[in-house]
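One chain comes next, on its own, written out as structure tokens in the form predicted on its own.
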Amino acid sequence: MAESPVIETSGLRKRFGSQTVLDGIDLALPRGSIGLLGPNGAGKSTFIKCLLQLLDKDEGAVSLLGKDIDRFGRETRMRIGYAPEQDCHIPGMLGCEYVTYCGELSGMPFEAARQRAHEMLDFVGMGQERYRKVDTYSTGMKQRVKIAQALVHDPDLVFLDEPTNGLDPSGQAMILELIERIWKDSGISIVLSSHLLHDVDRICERIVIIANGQVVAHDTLAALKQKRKAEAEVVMQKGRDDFIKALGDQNWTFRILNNGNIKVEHGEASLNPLIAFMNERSFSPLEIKESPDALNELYLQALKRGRS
């Protein structure tokens, strides 16, 4: 029997006044590591909040972990962890107290919540910082304690909203390594929401790209990366006209871009035939830029749609 999707939506819509933020989202996502990708303002956070009933949806149906949230919302949320983009800490609380309290809010008895809180703080590498007040934490420590509280009740699904925001490169790498372990070591499905392609590219097996409140792409990362247009952008310093004439003799389709470079549709599985063609005719390009894979291309298109 096929496993139920961990997330399933049909016709999900959310409006704020006259603005439609989510415009008919239809998705069925299996267990695993899922990247929710899109430019800032695309509707990613609103999508997550509607799934978790932190915002009321206007239309559509949503199921999480195989259950309709309209009928089983409270029961379902007890099996879900959430680390929001904004800080969600309680000033004055020690880190271990805060994570314990979050466990209790998820229905755990105090002793079990306290023990599990210390285990999760060890998991995220907090060490003795757990005995400091949360409001004295650095940005990186706050992100780690947010992940600890999202995991404290041993959920089946975790939503992480922009978890690397505000971190330097070393801090980002540390958080991404931690997130990777959640799925690979613990088997907890994750949804990583980010506007950073490299974050999602590193962690996730499946990608959902949202722009202007709509899903513009949904596939496995491997499938998207295999889809690459058989074309390349050639940058020439000299011999440009001769190169264009030679392309015509080769019967390769090409066009001249606004920046003066030449886009060549070579129709081959790699750049090797194009490079061999140029070497045989003694053309010396400054650069040959391979066409981006489908993930990069779709994301660039989403960024353009997000700015329009």
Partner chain sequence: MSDWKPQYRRWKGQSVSLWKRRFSIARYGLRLCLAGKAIRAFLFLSFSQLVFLCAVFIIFGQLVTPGSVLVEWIQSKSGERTGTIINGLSSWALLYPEIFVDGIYRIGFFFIKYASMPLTLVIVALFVHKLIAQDLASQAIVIYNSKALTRWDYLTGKFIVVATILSLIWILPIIASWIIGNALSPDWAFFYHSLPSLMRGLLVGAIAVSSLSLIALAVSSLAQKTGTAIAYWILGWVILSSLASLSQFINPAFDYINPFAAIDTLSSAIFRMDSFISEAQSTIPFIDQAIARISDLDLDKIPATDGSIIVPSLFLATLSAISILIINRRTATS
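Numbering follows the first chain given and starts at 1. Note that this is a predicted model, so its numbers are computed, not measured.
The protein also exists as the form predicted together with the partner chain; that form is not presented, and the subsequent description refers to it.
In the model of the complex, M120 approaches the partner chain with a heavy atom inside 4.5 Å. The partner chain in the model of the complex comes within 4.5 Å of a heavy atom belonging to Q86.
Put simply, P109 is close to the partner chain in the model of the complex: some heavy atom of it is within 4.5 Å. A residue is said to contact a partner when one of its heavy atoms sits within 4.5 Å of a partner heavy atom; D168 fails this definition for the partner chain in the model of the complex, lying far away. Contact with the partner chain in the model of the complex holds for none of V235, W252 and R281, as no heavy atom of theirs lies within 4.5 Å. In short, of 192-200, 208-216, 160-168, 75-83 it is 75-83 that has heavy atoms within 4.5 Å of the partner chain in the model of the complex. Although the partner chain is not shown here, in the model of the complex the stretch 82-106 places heavy atoms of Y82, P84, Q86, D87, C88, H89, I90, P91, M93, E97, Y98, Y101, C102, E104, L105, S106 within 4.5 Å of it, in sequence order.
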